[in-house]
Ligand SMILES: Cc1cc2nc3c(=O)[nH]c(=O)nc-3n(C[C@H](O)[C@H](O)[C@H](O)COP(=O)(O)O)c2cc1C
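The chain below stands alone, shown as C-alpha cells; this is the form predicted alone.
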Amino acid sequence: MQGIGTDFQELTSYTRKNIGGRGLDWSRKPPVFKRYEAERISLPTPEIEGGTPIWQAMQRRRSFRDFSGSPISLKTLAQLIWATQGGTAVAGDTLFRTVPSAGGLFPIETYLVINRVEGLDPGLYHLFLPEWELEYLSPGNYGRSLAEAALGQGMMDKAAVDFVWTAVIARSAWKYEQRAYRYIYLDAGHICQNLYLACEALELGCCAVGAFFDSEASQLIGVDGKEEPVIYMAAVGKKT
C-alpha cells in the first residue's frame, strides 16, 4: 500500500551509504529554549519522593475522557509539568529532563490551555523551563476553541488543563535533517506517557489527543504550523 506514509518511511531511512559524511555547523545551532515577553508565574517546587509505585501506575494507566469539571491546584499542575519536562541535570548547555530526547536536543515546546487551575486565570500559557515559570500569553476560554479544533472533542473544554505540544523542527533538523521528524514524534510520545503515569499517581484522568485540525490548532496556539507545528495534545482533569 503505497502512500505518503510509505514514502516518509523510505525517505527518512538510514543506510550505510547515506548516514555519514556530514559535519555539524555549531554556529547555526538553533536556540535551546523559546521565550516570550509575557507575564511570568513561578511554579511550585515539585515533590519527587514517595507517591504511587511506578509499577502500579503503569498497571492502572488508561485513557479517561469524562472529567468532573472541578479545578486542580497549581501544585498539582507543577507535578504534571515536571513529569513531562522537568529538569534533572545540567551538562554544558543541555538541560536533561525526565524524558529522553534524540541527541539531547529537546525540540518539544509545552503550551497549556488553563481551564480550571486554582491560582491561574483561564487562558493560554507557555512553559519556560530554565526558570521553572509559566508565561501568560493570553486570557480567555481557549478550552472551547481547542475542543472545536480537536474534531469537537468536548473533553478539552471540560478538562482542568490541556497540554498542547509543538515541535521546533529546526532544533532537531539541525543535526538529523529529514530523520528529525521521526525523532520528534518519538519525543512527544515519551512526554505524553510520562503525563499519563503522573496522572495515575495523582488520581487524575488523562487522555491523549492526536486527532485535530492542524492549521486550526496551530493558529489557536499562535505558531506558524510549519517551522513549529502542533503535534500532540492531552486533556487532564479530575475524574467523575
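When you see a residue number, it is the position in the sequence shown, counting from 1. As the structure is a computational prediction, the values presented were derived from the model and not from experiment.
Form predicted in complex with this ligand: not shown, discussed below.
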| query | finding |
| --- | --- |
| Among 27-35, 203-211, 168-176, 46-54, the region lying within 4.5 Å of this ligand in the predicted complex by heavy atom distance | 203-211 |
| Candidate from Ser70, Ser63, Ser215, Ser42 lying within 4.5 Å of this ligand in the predicted complex - any heavy atom | Ser63 |
| Partner proximity in the predicted complex: Met155 to this ligand, non-hydrogen atom cutoff 4.5 Å | yes |
| Heavy atom within 4.5 Å of this ligand in the predicted complex - qualifying residues of 103-141 | none |
